[in-house]
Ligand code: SAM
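Below, in structure tokens: the form predicted on its own, a single chain.
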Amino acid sequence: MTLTEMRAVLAKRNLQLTKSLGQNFLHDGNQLRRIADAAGLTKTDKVLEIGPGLGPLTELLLARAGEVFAIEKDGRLVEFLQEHFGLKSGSPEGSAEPAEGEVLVEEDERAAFGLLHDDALVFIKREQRDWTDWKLVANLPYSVASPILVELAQSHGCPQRLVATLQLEVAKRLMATVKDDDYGVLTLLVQLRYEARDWFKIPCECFFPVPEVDSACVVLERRAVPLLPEAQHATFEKIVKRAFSQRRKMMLKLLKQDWPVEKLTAAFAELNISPMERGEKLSLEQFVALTKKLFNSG
């Protein structure tokens, strides 16, 4: 869908895009193909798309994947997508119970297509689906991109690959290492389960309406070997959030709110972490090692 076609659809339907929903639609064909290419899709893949908008990325996903499940919050766009893709009411076999507005495409040469009218973040929290065999490929709304990615990354069955277009500032946090200024809570919560593979910048002129900031597409791959057992994930999150609650303060002092000082001192000594160190100076691997020590110590 070109920019001209996008404008025509919006004008014909008298659709005013809503800034609060993060409705800046990517129309550049080259960038859309780069995103689809980054997903490495085959006909055996199942794809979760959040915020399909007018469906330009959806078109590529349907042509390349075996199944696409899209979640759109704006009912006006759901109506357009239903007409555009020739959908009928229904629920795909084996899926969760459909919410109001879920529809399916007629079976043809394209992928099986499920469309859900819902708030994606609310749906992911509510349904607790197993996304183990799925890939997320989406142009995420800026306002909810971070919580959606964290929610998926922390889910019991997290997707095998995350290919997400979001605000450049957030992308830098997701791809950061301990030496970077953007390194922080978001970095650690997502990278616990995912390895940062690649990213590329997308200029603001590739969107309509043109946003005030640039965007980037990130590619994260689920780790083949988990760094921590799931039973310890909550402890990891607690340590990370406490360590970054006041970035300029010593981490040991912050953690004293949750653990006895003698256990902290012993753990820091065993791991050769200075008691004067701040959380922003600890690597992912050090946070993992500290989690194991404190979890095992009770």
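This structure is a prediction, so every number in the text was calculated from the model and none was measured. Sequential numbering from 1, following the sequence displayed.
We do not show the form predicted in complex with S-adenosylmethionine, though everything after this point is about it.
Full three-residue contact with S-adenosylmethionine in the predicted complex, heavy atom 4.5 Å, for 21, 49 and 77 = Spot residues vs S-adenosylmethionine: full contact, yes.
So which of 153, 120, 202, 136 gets a non-hydrogen atom within 4.5 Å of S-adenosylmethionine in the predicted complex?
-> Answer to the contact question: 120.
Though S-adenosylmethionine is not shown, can you say which of 62, 26, 255, 39 has a heavy atom within 4.5 Å of it in the predicted complex?
-> Of the candidates 62, 26, 255, 39, 26 is the one lying within 4.5 Å of S-adenosylmethionine in the predicted complex.
Look up in the predicted complex whether residue 186 has a non-hydrogen atom within 4.5 angstroms of S-adenosylmethionine, and give yes or no.
-> Judged by the heavy-atom cut-off of 4.5 Å, residue 186 is well away from S-adenosylmethionine in the predicted complex.
Would residue 73 count as touching S-adenosylmethionine in the predicted complex under a 4.5 Å heavy atom rule?
-> Although S-adenosylmethionine is absent here, residue 73 would touch it in the predicted complex, with heavy atoms inside 4.5 Å.
Should residue 141 be classed as touching S-adenosylmethionine in the predicted complex when contacts are defined as heavy atoms within 4.5 Å?
-> Residue 141: contacts S-adenosylmethionine in the predicted complex.
Residue 56 near S-adenosylmethionine in the predicted complex, any heavy atom under 4.5 Å?
-> Residue 56: yes, in contact with S-adenosylmethionine in the predicted complex.
Can you check 171-179, 141-149, 187-195, 125-133 and let me know which stretch has heavy atoms within 4.5 Å of S-adenosylmethionine in the predicted complex?
-> Contact-bearing stretch, as computed: 141-149.
Pull the contact list for 216-232: residues with a heavy atom within 4.5 Å of S-adenosylmethionine in the predicted complex, in sequence order.
-> Sequence-ordered list is empty.
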